[in-house]
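Consider the single chain below, provided in structure tokens and representing the form predicted on its own.
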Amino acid sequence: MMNYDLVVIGAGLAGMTTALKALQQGQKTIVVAAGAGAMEVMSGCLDICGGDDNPWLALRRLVAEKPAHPYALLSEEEIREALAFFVEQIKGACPYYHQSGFRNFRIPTALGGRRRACLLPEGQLAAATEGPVLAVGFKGYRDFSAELMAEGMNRVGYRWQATEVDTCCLQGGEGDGGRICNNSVEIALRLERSWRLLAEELSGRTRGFAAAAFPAVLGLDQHLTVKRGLEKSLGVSVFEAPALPPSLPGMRLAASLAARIRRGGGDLLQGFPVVSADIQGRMCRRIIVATPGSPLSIGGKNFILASGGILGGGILLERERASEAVFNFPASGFRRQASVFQTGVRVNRRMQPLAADGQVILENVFCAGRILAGYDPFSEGSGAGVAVATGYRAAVEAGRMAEQ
């Protein structure tokens, strides 16, 4: 049996934040997950609370309206501390930026609307520009329309224009015959080799603009090189706008977090589900993972449950009830007339799971992210903030438990 100080179940934003904090605290840590988490469908931008340009005002209103919200378990100082920790941990390969005080940026959507986000990856930082923008599309690539985005932005008072380039201008792999590439990953890989040809194709078109907007396909591992090279060649700021999933900014974030955890000495076991847990009294002793050949037993002093909500498979819905998938914790908030996305596990301020009577179910299990009850990240614009803040808090509480 493999043994760890901390076993994290789930490789989404909450689970990965938890693992980073646990490693910083000196805990031997492993992340176990059935899949890659939800980051590959994320835009790459991270929200705290989207109801106001000042997310802290929106957050206070939210907590006042929903006292069972996960944000109510933390102080604003703790949330800021968690966000600062995340930015510091990821700054090497995938740098994120924020305004003073973690205020919201207003950035464009692919349909020409505006949305609020608190932390922006470098590839999307220039999206907050107020000057004239040239939206650049790729012929044959159907997941992004430069014309539609420009039209939408002009309707709300901005100065945008659209243009298109043919991906045949880029050098592809050997023997590809200059064929058109029409998916995000293929374009990204080709641009890593041939972004200078794209710059030549756009030469002169960016004159008079403050920035150029591209679909989020400007490279995978070398996206910062591509972005910075285009900026130098074109003489304008460059940013990526969201396209349809899979999301390359989300994939970059997931890969950067995984690499950071490995560099910190952590282990990752992805692609294999947790099928059961060994419970003794009010303590979990080990989990069983369905690996090829025979199940793998992983023991731990403490466990973090960050397996996602309904969409991620962490919460199972039946006709009249909902439950958590690994430990069978009761799930609250399931009402047919309400948003099912608020369904999840109730926890105390230490992030420990609670029974219906308010008693702690398992003392050495802590919960974080979408598994938590009491919030709807989609309508609130709070998903990433809750993931980072509760993941950070869960790791801190697990560390305190380990010291006892």
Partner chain sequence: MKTAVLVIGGGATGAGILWDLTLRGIDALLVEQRELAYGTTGRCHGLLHSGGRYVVRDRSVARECYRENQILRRVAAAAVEETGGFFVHLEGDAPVYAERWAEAATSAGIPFREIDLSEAHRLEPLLSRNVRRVFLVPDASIDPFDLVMINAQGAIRRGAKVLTGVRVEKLLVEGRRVRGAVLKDIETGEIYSVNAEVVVNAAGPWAGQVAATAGSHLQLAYGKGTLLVYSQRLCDHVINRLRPPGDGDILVPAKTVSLLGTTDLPALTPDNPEPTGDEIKALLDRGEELIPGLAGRRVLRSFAGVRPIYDPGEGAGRGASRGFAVVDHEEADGIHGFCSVVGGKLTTYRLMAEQAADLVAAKLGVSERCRTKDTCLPALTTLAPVPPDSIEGKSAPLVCECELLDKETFLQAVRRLARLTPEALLRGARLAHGPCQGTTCIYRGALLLYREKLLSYAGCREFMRRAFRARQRRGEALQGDQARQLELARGIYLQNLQLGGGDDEL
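For clarity, every value in this text was computed on a predicted model and none was experimentally measured. Positions refer to the first chain, counted from 1.
Quick note: we don't show the form predicted in complex with its partner chain, though the next part is all about it.
Partner contact region in the predicted bound form: 36-44, out of 36-44, 65-73, 22-30, 346-354, criterion any non-hydrogen atom within 4.5 Å of its partner chain. In the predicted bound form, none of the heavy atoms of residue 78 sits within 4.5 Å of a heavy atom of its partner chain. When its partner chain is considered in the predicted bound form, residue 160 lies well away from it, no heavy atom lying within 4.5 Å.
Proximity of residue 83 to its partner chain in the predicted bound form: non-hydrogen atoms within 4.5 Å are absent; the residue sits far from the partner. Within this chain, residue 363 is remote from the site of its partner chain in the predicted bound form, having no heavy atom within 4.5 Å. For the three residues 116, 155 and 340, a heavy atom within 4.5 Å of its partner chain turns up in the predicted bound form in every case. Checked against its partner chain in the predicted bound form, the candidates 195, 141, 96, 209 yield a single residue with a heavy atom inside 4.5 Å, and that residue is 141.
Screening 333, 250, 112, 123 for any heavy atom within 4.5 Å of its partner chain in the predicted bound form leaves a single hit, 112. In the predicted bound form, the residues of 231-254 lying within 4.5 Å of its partner chain by at least one heavy atom are, in order, 243, 244, 245.
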